[in-house]
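Below sits a lone chain in structure tokens, taken as the form predicted on its own.
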């Protein structure tokens, strides 16, 4: 278990180092995840200990949101004073994210030809 955790943290550290040394606009943990994915592809299988540790982390993922919740509580007065702007930003960014996701999905669908296959199945 400790070795699997060390492996996960090593991938994250390697991602952080790459992001900082190369001044990449991608967060280090994302690069670390990509590195882990490449390592797993080259190995051809997921080690059992890594699988168990990953499942445990995912099962308790909600605990990682506790610090964010504590931060919200600590800034509750500020939230009360600026709730309208914050609500508008959250709503606007949510709508914008949904629109961009739809456009990306449609673009990828066109590039891969999946939209023509779906329309052909609809006619049959």
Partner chain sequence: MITDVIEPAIQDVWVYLTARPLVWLTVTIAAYLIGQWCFERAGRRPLVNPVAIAVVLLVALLMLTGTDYQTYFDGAQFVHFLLGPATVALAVPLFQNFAQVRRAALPMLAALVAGSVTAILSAVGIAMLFGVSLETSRSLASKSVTMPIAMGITEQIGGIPSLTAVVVMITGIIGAMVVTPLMDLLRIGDWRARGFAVGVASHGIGTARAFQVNEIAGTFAGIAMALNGIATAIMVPLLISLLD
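Keep in mind the model is a prediction, meaning the values are calculated, not measured. Residue numbers count along the first chain shown, from 1. Basically, rigid core = biggest C-alpha set you can superpose within 1.5 Å across the two forms.
This next part talks about the form predicted together with its partner chain, which is not shown.
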Exercise. Is the gap between residue 20 and its partner chain in the predicted complex 4.5 Å or less for some heavy atom pair?
Worked result: no
Exercise. Comparing between this form and the one not shown on the rigid core: C-alpha of residue 47 shifted by 2 Å or more?
Worked result: no
Problem set entry | Residue shift check between this form and the one not shown, rigid core fit, residue 13 Cα at least 2 Å | no
Seminar exercise, completed: Shown form as baseline, in the predicted complex, CA residue 96-residue 19 shift of 3 Å or more puts them farther
